[in-house]
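Okay, so here's just one chain, in structure tokens, the form predicted on its own.
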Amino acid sequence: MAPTSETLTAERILEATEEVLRRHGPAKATVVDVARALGVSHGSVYRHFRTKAALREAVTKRWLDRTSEALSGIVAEDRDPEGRLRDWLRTLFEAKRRKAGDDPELFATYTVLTDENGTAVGEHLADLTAQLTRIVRAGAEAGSFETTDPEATARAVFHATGRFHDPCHAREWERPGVEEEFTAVVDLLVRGLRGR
């Protein structure tokens, strides 16, 4: 195969892999399919990703990182922690729901990939709880939230809202009333964090 005129980068390979996964699904997608989509040999892909498993883990991490990056901006904002917490939880819910609703085939593919890539998922969950910890800590320092352990509190908030971001609940995200349920859970958590 003739190389394409563009330089082959890891990012281009990951973009092509996502398209191949969308078309073929995780069971049938191969490195040869990715190489074919790029117009290069499969050896060229392997120079960037040593194994098929490494490529699948990288594309999974890239997909998960999109959510983390969208949320990190909220964490960095200089405003009241309660508003940031509410916006962070809302943005997480909307991002996951959008992924599930806008491209259900790719969402199903990534659900399979995340099941096989514990490292990428573990890092993603650690990053999300670290972001939440920063917000909770800021709330404790400002006197808005009562907690002696921001990290444990952040983990509890994350787990308490799992129904609105864990992919195993994706089918519930479009049900009537889910918005009200989400708001009720967040309101309850915020009242508990205020401690007054």
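All values derive from a computational prediction rather than experimental measurement. In case it trips you up, residue 1 is the first one in the sequence shown, and so on.
Only in words, not in the display: the form predicted together with the DNA, which the text now covers.
Asker: Taking the partner as it appears in the predicted complex, which of 157-165, 49-57, 144-152, 125-133 has residues with heavy atoms within 4.5 Å of the DNA?
Answerer: Contact-bearing stretch, as computed: 49-57.
Asker: Quick check: do Val32, Ser41 and Ser44 each get a heavy atom within 4.5 Å of the DNA in the predicted complex?
Answerer: Spot residues vs the DNA: full contact, yes.
Asker: Going by a heavy atom distance of 4.5 Å, is Lys28 a contact of the DNA in the predicted complex?
Answerer: Contact with the DNA, yes.
Asker: Heavy atoms within 4.5 Å of the DNA in the predicted complex: does Leu189 have any?
Answerer: No - in the predicted complex, heavy atoms of Leu189 and the DNA never come within 4.5 Å of each other.
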